[in-house]
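Next comes just one chain, in structure tokens: the form predicted on its own.
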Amino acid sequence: MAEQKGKILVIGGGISGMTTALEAAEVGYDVILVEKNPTLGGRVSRFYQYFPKLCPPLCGLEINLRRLKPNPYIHTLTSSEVESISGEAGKYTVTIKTNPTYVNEKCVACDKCTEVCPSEIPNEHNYGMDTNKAIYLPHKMAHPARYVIAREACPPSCSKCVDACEYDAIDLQMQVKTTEVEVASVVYATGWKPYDASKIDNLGFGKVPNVINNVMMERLAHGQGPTAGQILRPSDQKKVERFISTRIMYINHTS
């Protein structure tokens, strides 16, 4: 039956997309898993604890990755976005754009490149509460476990990371790649994003020092976060003495 149904495209490599891809692949379906970020895991990978187990989500992600890595029925495309879908149910033609990360599969995450990198950028995984080098591993559980270069932050003539890499893993000439595939069905698992708290004027988010949202609080509480699990004030890194909390809702998004 899996052969008759054809391939399944799953758009979104967060916990929902990974689970969908795994459940389909483990009963014999060919699956193409597309994630726009350089690594799988989505926002759940940033959580300190998640419901209902109230345990670190990295445990659940590790289990999923152990299932995914050896599975021959799953083809994963990270740093990729679906540009177009045409056709009809049972026979879709999909165009996928894969953006360059400038680091190839030879990377062993040795960290020699970051030691010589002269540029820093806001750490997107920590919601900009600290920085990382312009060549970086997205997070410790990243899959693929491969560094990424933010080329827009690099000096034009800089190639220090290329010289430092012993494995020929850095390709500054890497280009956008376009792939066209035929699939029988499409699953959207594009996740969610935090509500823009700056739109709530009375809270002062983005204007008043030390006003943070709930996902930033998750990162502060996380042992691998910007403060190694200590709840410190972003403005001066001093210990917090008093909390004032309010509730901000999440919103779903499909774009």
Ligand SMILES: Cc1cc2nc3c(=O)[nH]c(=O)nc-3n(C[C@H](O)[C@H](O)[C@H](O)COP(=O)(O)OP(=O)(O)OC[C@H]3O[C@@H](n4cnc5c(N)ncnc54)[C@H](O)[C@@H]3O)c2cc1C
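Bear in mind the structure is a predicted one, so any value in this text is a computation, not a measurement. Numbers for residues come from their place in the sequence shown, where the first is 1.
Below: the form predicted together with this ligand, not depicted.
- Out of the listed residues S198, T227, N214, N64, N214 is the one that sits within 4.5 Å of this ligand in the predicted complex by at least one heavy atom.
- Here is the short version: of E81, E120, D130, D171, the single residue with a heavy atom within 4.5 Å of this ligand in the predicted complex is E81.
- Of the heavy atoms in A189, some are within 4.5 Å of this ligand in the predicted complex.
- Of the heavy atoms in V44, some are within 4.5 Å of this ligand in the predicted complex.
- Among residues of the shown chain, F205 is not one whose heavy atoms approach this ligand to within 4.5 Å in the predicted complex.
- Within 4.5 Å of any heavy atom of this ligand in the predicted complex lies no heavy atom of A25.
- Shown without its partner, the chain has I11, G12, G13, G14, I15, S16, G17 in segment 10-24 as residues with a non-hydrogen atom within 4.5 angstroms of this ligand in the predicted complex.
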